[in-house]
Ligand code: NAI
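Okay, so here's just one chain, in structure tokens, the form predicted alone.
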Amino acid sequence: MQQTVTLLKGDGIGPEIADAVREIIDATGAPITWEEAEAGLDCYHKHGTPLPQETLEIIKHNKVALKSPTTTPVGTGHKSVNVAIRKSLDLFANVRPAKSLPGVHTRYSNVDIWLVRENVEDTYAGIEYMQTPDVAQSLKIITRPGSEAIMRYTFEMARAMNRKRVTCVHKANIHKMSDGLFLECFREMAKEYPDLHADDIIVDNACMQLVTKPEQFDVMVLPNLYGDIVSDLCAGLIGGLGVAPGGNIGTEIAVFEAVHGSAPDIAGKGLANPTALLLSGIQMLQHIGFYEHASRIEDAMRLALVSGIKTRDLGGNASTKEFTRAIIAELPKQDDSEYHEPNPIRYSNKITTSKPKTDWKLVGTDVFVQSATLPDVPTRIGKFELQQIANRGTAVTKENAHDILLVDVFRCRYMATEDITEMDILDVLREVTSAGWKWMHVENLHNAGKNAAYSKA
């Protein structure tokens, strides 16, 4: 089966390491046809955009891409190419293997972890604004469909890669609703995979455990923000971003990339280390089912490293081309008698989102008002009673107002004493406005069993 792969050479050291990786993959005889497309700083200078629509269309058509580092134009208002690709193609899973390499000296020698990071939601959804000139707010978005999608992919990948354990990393002890929903989806999905051991851990404990006993972890699945931090932590365990691969996976499309920068200061000098992009290429081969080719490259790379042939950043003195030739020389010959048809990772993208519970109903509202001091808002408005005034999440009263560092946004929580509708919320806003208070935004409160749930109005 011939597979066409989109190749984005990027800029800086990107073209050098892209050519090296392409040469190594081709040397295995993998049935891949390469189609180059433009992205990055050079592309921006030529076309006025670092990521042309034509490039996105090529990726969509081929379904698989391998991307070298790109430089984001400074002060132009353009998003990074990485972010733009992930958002445009809905690549919801960021997969970052972290595996110890021979000849790469670190404090650890037995790390073998696959991190799966939700790639679209969380605080990275970019929903933030200034409430007042002194107060910024960013929303943490966790959804059931998004969480189910990342959990389904994680368990299917773990099974396909013959892993044994999947660990959900969260902060549900504090973020009881957002991370709580993420953890709930994990536990529900785990029931469908009884062959895999499933457990969970709080993110701060996970970080401590990773730097004390990393070998205990196998596959880890995390929300976007924690995943960003923990994946770089794990890269540090194995030698840094120069040996850290990454893949961005969607329902039908996948883009694999080196996560390090474009290093323009060493571009063209033959010093670039292609290891991270090569490992991403191995990950790509595994994704599309060319496991034998991936295994042969990994074995050859390890033999080259053991023999001491390394680039300068890894403590050696080999040039990019010398390192590339050393890996190709170590490639074991393909045994056609052991050839198997590609077996790509398959998973269902069916989302089993439950419908809202029958007890889901409007029970109150949080009105955020701007005030330099504790606001004297009405304590009773129609069907509502003022339950609490809070500042930065801390309840404020006349008694403790002088003991707390206050900012100029106060959350006034009004809870209903009887059944209400959205029209009743408007009465609260009119009354607060009539009383002379400037409200910044409002969040409606709904009940959800034992907990209150919030939805932006």
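Here the structure is a predicted model, which means the values were calculated and not measured. Heads up: residue numbers just count along the shown sequence, starting at 1.
Same protein, other form: the form predicted together with the ligand, not shown, and the subject of what follows.
- The partner is absent here; in the model of the complex, the one residue of 123, 100, 143, 82 having a heavy atom within 4.5 Å of the ligand is 82.
- In summary, among the residues 365, 262, 286, 119, the only one with a non-hydrogen atom within 4.5 Å of the ligand in the model of the complex is 262.
- Of the heavy atoms in residue 257, some are within 4.5 Å of the ligand in the model of the complex.
- In the model of the complex, the ligand sits within 4.5 Å of a heavy atom of residue 272.
- In the model of the complex, none of the heavy atoms of residue 319 sits within 4.5 Å of a heavy atom of the ligand.
- Within this chain, residue 313 lines the site of the ligand in the model of the complex, having a heavy atom no more than 4.5 Å away.
- Figure note: of the listed segments 62 to 70, 393 to 401, 410 to 418, 24 to 32, the one touching the ligand in the model of the complex, with heavy atoms no more than 4.5 Å away, is 62 to 70.
- Taking the ligand as it sits in the model of the complex, the stretch 1 to 36 comes within 4.5 angstroms of it through a non-hydrogen atom at just one residue, 13.
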